[in-house]
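Read on for two forms of one protein chain; each stands alone as structure tokens, with the labels structure 1 and structure 2.
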Structure 1
């Protein structure tokens, strides 16, 4: 089953009505590896179907976030960015490298063994110190990309 079919099936199983706008948002999210803002998604939809408004896109993304279909990120650019959650994406767990100059976002998933061991050790330490069960983590590194140096 491809990402789009998997996602549409999940929406149906959750009792979420599959409106044309929701299907378009799904199509856009599954067709790209980019981190898109609601406005980015709206402009892509609007060129195909001008009857779908920005408010509808925002509501759809909010619904998808509440149901763990998308993950919302704040990278400090003034606009939240969205990507499909790991369950519905071909991407595996990754971190982000964020260029503070051009705002490019690079997915980083080719972790070294030492990096993975360090993060796992940090998680275990935090769990023990604070009696807190960690389910996941998000790491963003900010700097200047190779194109902007």
Structure 2
């Protein structure tokens, strides 16, 4: 079973109907490697099916986010970006490298062993010390990319 059928069965098991709008959002997020904003997604949908509105895109993304189907990132500069959650994405576990000048975002999947070791240790420790149940983590490195120096 691939990620997409996995996603579709998750939707139906949650009782979330697969309407045309939702299907398009899934398609777009599945097809891209970029980090898209709600408006980006809306424009791409709009070129295929102009009857679908921006509001629906927002509502779909919120619904998906609350069911852990998509993850919302705020990299700064006020516009949230969305990507499929790891479970439904063909992308590997990754983090983000952000150029603070041109705002380019690079996904990197390097150093996962080191990361995992650090993250596991830290998560356990934080859960104990602060009585948290930790669900996820984000790691962003910020800097200036080669094109911007």
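Worth saying up front: this structure is predicted, and the values here are computed from it rather than measured. Think of the rigid core as the biggest set of C-alphas that the two forms share within 1.5 Å after superposition. Residue numbers count along the first chain shown, from 1.
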Assuming the other structure does not fit, state which one is the form predicted alone. 1
Residue shift check between the two structures, rigid core fit, residue 133 Cα at least 2 Å: yes
If I superpose the two forms on their rigid core, does the C-alpha of residue 113 end up displaced by 2 Å or more between the two structures? yes
